[in-house]
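The structure tokens that follow cover one protein chain in two forms, given apart as structure 1 and structure 2.
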Structure 1
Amino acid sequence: MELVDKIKDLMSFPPVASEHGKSMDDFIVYVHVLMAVLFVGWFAYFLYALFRFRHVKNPKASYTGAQTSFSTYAEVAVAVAEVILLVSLAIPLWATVVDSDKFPTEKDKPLVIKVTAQQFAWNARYPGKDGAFGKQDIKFVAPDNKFGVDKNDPNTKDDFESAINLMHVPSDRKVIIHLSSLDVIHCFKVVPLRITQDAIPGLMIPMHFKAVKEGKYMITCAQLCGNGHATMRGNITVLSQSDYDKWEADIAAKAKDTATSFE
């Protein structure tokens, strides 16, 4: 809606770079409009009450007060508006973004990435051309193996990691991120993509999105995670599919050469 877009401009919303981002922004606008109506309405009623029941007109206090149904009707109207927001917007939007039943399936050919947070950086691992990750186990976790990868698993051979704090994803393709942490609770947040998810030690938590606008966007940690929390920043670059394929081939080749040199 044009009016909603104008309100977003007035509120200085950050740019949207994901498919579901507009729906989230629209919902935020609707909530703010409801809050504005409530603020104006109840403040006007407050001023009316001050004037209507001022001391000059009511020298003796009345313990029964004004007998009116206005406030009851107003409260019912507010409750109805909130139910409409919840049922028609909030719950469906939550289901689209969070519900596991709404996650991309194999037919969508999503890019799957495993991201592990640590104090104070982001590590990303990609499955390579076969699209399958090597097995992981906590017993394999070490300073040089942050993902706990079983290096004897054949599927591990073409897996590769991007540079620390740097991620790349293709535009107009669904992406699933499996998020975990090495130490404390972190929170993976990319404002333009409208995604936020806690990274919890011992858990692998999925999240998904589809970027629709190419560019470089900042990854921040939205959980206070230690003295270096403010420095825990990274970048996620959204590329065209062809440019992403070139990047993937280049970084995978470099990773293979590095692995070969240590054999």
Structure 2
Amino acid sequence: MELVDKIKDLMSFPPVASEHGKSMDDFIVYVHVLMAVLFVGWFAYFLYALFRFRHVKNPKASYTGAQTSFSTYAEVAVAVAEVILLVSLAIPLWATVVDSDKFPTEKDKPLVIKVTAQQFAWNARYPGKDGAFGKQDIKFVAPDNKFGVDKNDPNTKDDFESAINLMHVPSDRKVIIHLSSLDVIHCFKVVPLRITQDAIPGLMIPMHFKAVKEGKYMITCAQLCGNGHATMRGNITVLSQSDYDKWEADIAAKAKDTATSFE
């Protein structure tokens, strides 16, 4: 395992700040080890063959060439290695990320956020203290109501939106994000958290993660979305639970006495 960490240092991985990030990096390392073995093996053979069988040295070619079933072994070995990686790692690991029965449930007390992308910014909506979102419907969607919230729903009252492009989540607590988009396809990618998900208009796609390191991380848009694609940057701040509570109370209070309140 130390070796894996050493390889990671060599491969210029970005810092990891989420629970599942380590397994992802490990997995990438395993795949690259397989690739490196194949490449180095074949490449060494290749150079040797070029050197040994050059015309000057070996003027008469052999009609039969190599008598070997090495290739079969090599191909079977590659296949076996791929199957192992696939069955034992890739499939189960992917399932932990997307399967709905792997999502945190009520007893994990996750924080749920709704994120809607637009050209070229990220909007985030929090359920507030009651943990319940107001009803949403596309028919309410308007330039000043990007989530299409029903303002008459009682659950809407304590919902709040964080400032555009600036999201906050607590560390060491599961977070669920429901991701959508207003106009074109965007892609919500936070490299240190090792999460990536397309935001597709018309769909609401759930994702989940658990940040384990406090800090400020960049939200990258990873899907071409127009001329502002390169500047569609957001920040996600991972706070301790107590700092997060403070922030939440703060912003909720602010929302009350500004125009953004939904009363």
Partner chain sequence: MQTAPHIDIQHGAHEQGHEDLGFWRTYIFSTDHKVIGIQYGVMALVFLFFGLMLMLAMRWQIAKPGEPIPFFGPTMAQIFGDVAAKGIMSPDLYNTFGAMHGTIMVFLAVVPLGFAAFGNYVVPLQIGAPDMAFPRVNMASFWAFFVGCVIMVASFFIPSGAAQFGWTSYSPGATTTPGDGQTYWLIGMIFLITSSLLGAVNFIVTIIQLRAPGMTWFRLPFFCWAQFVTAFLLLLAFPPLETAGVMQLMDKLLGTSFFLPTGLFVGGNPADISGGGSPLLWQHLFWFLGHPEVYVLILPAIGMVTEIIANSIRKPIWGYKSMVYALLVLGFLSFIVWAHHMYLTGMGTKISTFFQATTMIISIPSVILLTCLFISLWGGAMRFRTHTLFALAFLPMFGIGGLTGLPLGFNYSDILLHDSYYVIAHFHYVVAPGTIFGLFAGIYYWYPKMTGRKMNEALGRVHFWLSLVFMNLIFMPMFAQGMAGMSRRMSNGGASYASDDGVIGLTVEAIKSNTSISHAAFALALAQIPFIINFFWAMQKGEKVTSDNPWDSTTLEWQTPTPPPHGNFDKPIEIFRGPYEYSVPGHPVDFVPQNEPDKKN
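Here, residue number means position along structure 1's sequence, counting from 1. Rigid core (definition): largest C-alpha set, two forms, superposition within 1.5 Å. Only a predicted model underlies this, so the values are computations on that prediction, with no experimental measurement involved.
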Assuming the other structure does not fit, state which one is the form predicted together with its partner chain.
2
For residue 59, tell me the Cα shift between the two structures once the rigid core is superposed, in Å to one decimal.
5.8
